[in-house]
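Below you'll find only one chain, the form predicted on its own, shown as structure tokens.
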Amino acid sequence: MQRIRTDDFSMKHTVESAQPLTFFGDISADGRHLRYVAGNSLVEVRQNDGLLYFGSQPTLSGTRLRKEIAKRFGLQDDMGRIYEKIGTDEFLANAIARYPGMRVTRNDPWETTVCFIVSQFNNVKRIRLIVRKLIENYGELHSVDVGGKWVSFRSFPTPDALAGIGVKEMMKKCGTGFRAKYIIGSARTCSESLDLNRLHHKDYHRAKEQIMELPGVGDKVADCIMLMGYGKLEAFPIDTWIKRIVERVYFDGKKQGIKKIHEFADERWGDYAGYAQQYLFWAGRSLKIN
């Protein structure tokens, strides 16, 4: 296995914090061992003290795998600078202390899109179950030799694989409910006319506008995709939960509109608003703010 020295990184806090790897990866109870699928390869990652060990089957080239790991886990992010920028109030300072090393992951844009369409009016346990069923029913099957044992896994279903599925079939097999029509509609759009990979080089606002043309992708889901699919750290996803946290922590509980909260986040945290959101979201859930 290869290895990278990692400072200010916790695989446990990162993977458990309701990001796409939460939904399609398998992490051990102690948070030190993770398996996930990247493209057509099974990637295995272990964290031990300040070192991250990783390998893949089929084997990716050394350089390609290192880039995958560094990008996936946001290892290029300057956490000292980010913490200095966002940790300027008691709530976020405590959140950083509670979940040190939690990073924003960068995932395949299509995987991210499906995961967050599924996330609408849903909880983490059920999102994970639905995503798993989508993979089991429509992902391409692979088998690899891992330490002398053959291991089978399925890659994430492509837009082409989902575009021809019927709504009723997907609802029955995967328990997607009303989300099936949005998943299938987005798959058809991405299969026929929208190349998600071409949005990487567009600025945040233009890329977000185009993503919101997909069925079922509103403001919050679009920002999740911008943040965790494209690494646009200025994105600040706002759902009912994060709205409530921001109102409670920064506006003395007074109701605020979505536009006002976006403006507040941009002014206060700027290029790292997405990191602030992730720490607010996860600390708020754990501390049971309501």
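All values reported here derive from a predicted model rather than from experimental measurement. From 1 onward, residues are counted along the sequence shown.
Quick note: we don't show the form predicted together with the DNA, though the next part is all about it.
Proximity of W150 to the DNA in the predicted bound form falls outside the 4.5 Å heavy atom cutoff. Of the heavy atoms in A276, none are within 4.5 Å of the DNA in the predicted bound form. Taking the partner from the other structure, the DNA in the predicted bound form has no heavy atom within 4.5 Å of any heavy atom of F9.
In the predicted bound form, at least one heavy atom of R179 sits within 4.5 Å of the DNA. Across the proposed site, R126, V217 and R285 without exception bring a heavy atom within 4.5 Å of the DNA in the predicted bound form. Residue V221 is the only one of V221, V45, L65, A265 with a heavy atom lying within 4.5 Å of the DNA in the predicted bound form. Note on contacts: among A163, L194, M171, A93, the single residue with a heavy atom within 4.5 Å of the DNA in the predicted bound form is M171. Across the options 96-104, 207-215, 79-87, 137-145, residues that bring heavy atoms within 4.5 Å of the DNA in the predicted bound form belong to 207-215.
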